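The form predicted alone is given below as one chain in structure tokens.
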């Protein structure tokens, strides 16, 4: 009840949220009790653990295949797989399950941005207690990237699994026709490309071809694919926090707001909402997206459609490596498990080379793994899918989001200022970033005073 009371008071629309969570918990209590009873044994005499995967169709197919292969092996536990129950978000489902004590043994749909909430609720097993945790992960994950997944207490409660690096998908014919011979690397070059690519093709006095498009609604998660992606790149891999300190009131944030202010001011992105895929229809020259877009474009592109990817542009004076937002999802073990060691062995299986290859083949998503694009084990896959190689190379230079419990409210503050400054030119970038930071500080102080 203490956890529910905290949730009740911690959000702006707390009454609605509280009611929804209570109803979800009630459903879990009845629907998952059989799973908990079944976890003690099976007809084969082996212990059963429960595994929740994403509700995405491709990931369900992957999970089903991996679980079937595991269960055919000589393991002390069998695994029962089910997709995470449907709701507004998987994070709310998991928080409700933690509150109701109905969590699975393991889940592979853990968003790093919600980890502090899960940890503070006592819902997760500390993974670095397992003797082989560090050796197993440092062999697979670059150490600098690994450190970004540590919790605020310095321990690890998530196992790095996969990422969807954000890059710029572009229409090759449009770029050729506009006379753009070199792909834009800097903000100046990006804006120059926008001027050439934004056109009135039919001469009716209205623009009907644009550089690109972003959803302009001030919804917190929409900023992952404009402001935040470009901020991670411009800052050389920073996130919003350094420890407990907000650090995004800086030149990188200001530069990103100014870039998008210029984009909207000049009409290179339309201030509107579209239906349908305007990139495939040939009305947009670029799309800010991840590797999952490849299968979509391949399925729906018209004959002769040519496209490729390039890294997110950076400020003109940028030096160093080119980072981007990674949209990570990881694996966690829940504290309700009665078989932590056995579940840990299954977790390691989910990030084995065999499993990582099937993640690529079935889901077109990138496992977090060193030297992925040059590892002979994956060479046949990348030789046949050259565009995926770019994402594999970018994967180790990704950043996710901070695990702060207030993250959604902070991105909401950023979204409000992004709308005011970048889209409607009502405030300067410096003023808007300052306002977003000050509002974020108030949100943090208010929430943590509870």
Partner chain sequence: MKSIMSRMKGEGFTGGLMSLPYIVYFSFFIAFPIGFSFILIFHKWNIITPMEWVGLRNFIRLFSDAQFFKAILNTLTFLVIHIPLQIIVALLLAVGLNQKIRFRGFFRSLYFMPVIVSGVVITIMWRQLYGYETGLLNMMLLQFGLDKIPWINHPTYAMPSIAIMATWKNVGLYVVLFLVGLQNIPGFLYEAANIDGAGPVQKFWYITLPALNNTMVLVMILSTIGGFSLFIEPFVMTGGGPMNSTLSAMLYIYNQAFYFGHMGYSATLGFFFACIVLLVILIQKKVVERD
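Numbering follows the first chain given and starts at 1. Nothing here was measured: the structure is a model prediction, and the numbers come from that model.
If you look for the form predicted together with its partner chain, you will not find it shown, but the lines that follow are about it.
When contacts are defined as a non-hydrogen atom within 4.5 Å, none of 252, 255 and 379 contacts its partner chain in the predicted bound form. Residue contact with its partner chain in the predicted bound form: residue 77 places no heavy atom within 4.5 Å of it. Looking at residue 142, you'd find every heavy atom of it more than 4.5 angstroms from its partner chain in the predicted bound form.
For residue 217, a non-hydrogen atom is located within 4.5 Å of its partner chain in the predicted bound form, even though that partner is not displayed. Contact check for residue 138: every heavy atom lies farther than 4.5 Å from its partner chain in the predicted bound form. Annotated contact segment (heavy atom within 4.5 Å of its partner chain in the predicted bound form): 205 to 213, selected among 205 to 213, 105 to 113, 224 to 232, 175 to 183. Of the residues 408, 385, 46, 390, just one reaches its partner chain in the predicted bound form with a heavy atom at 4.5 Å or closer; this is 408. For the options 342, 92, 308, 375, the residue carrying a heavy atom within 4.5 angstroms of its partner chain in the predicted bound form is 92. Residues of 392 to 427 lying near its partner chain in the predicted bound form, listed in sequence order, are 408, 409, 412, 416, 419, 420, 424, 426, the criterion being any heavy atom within 4.5 Å.
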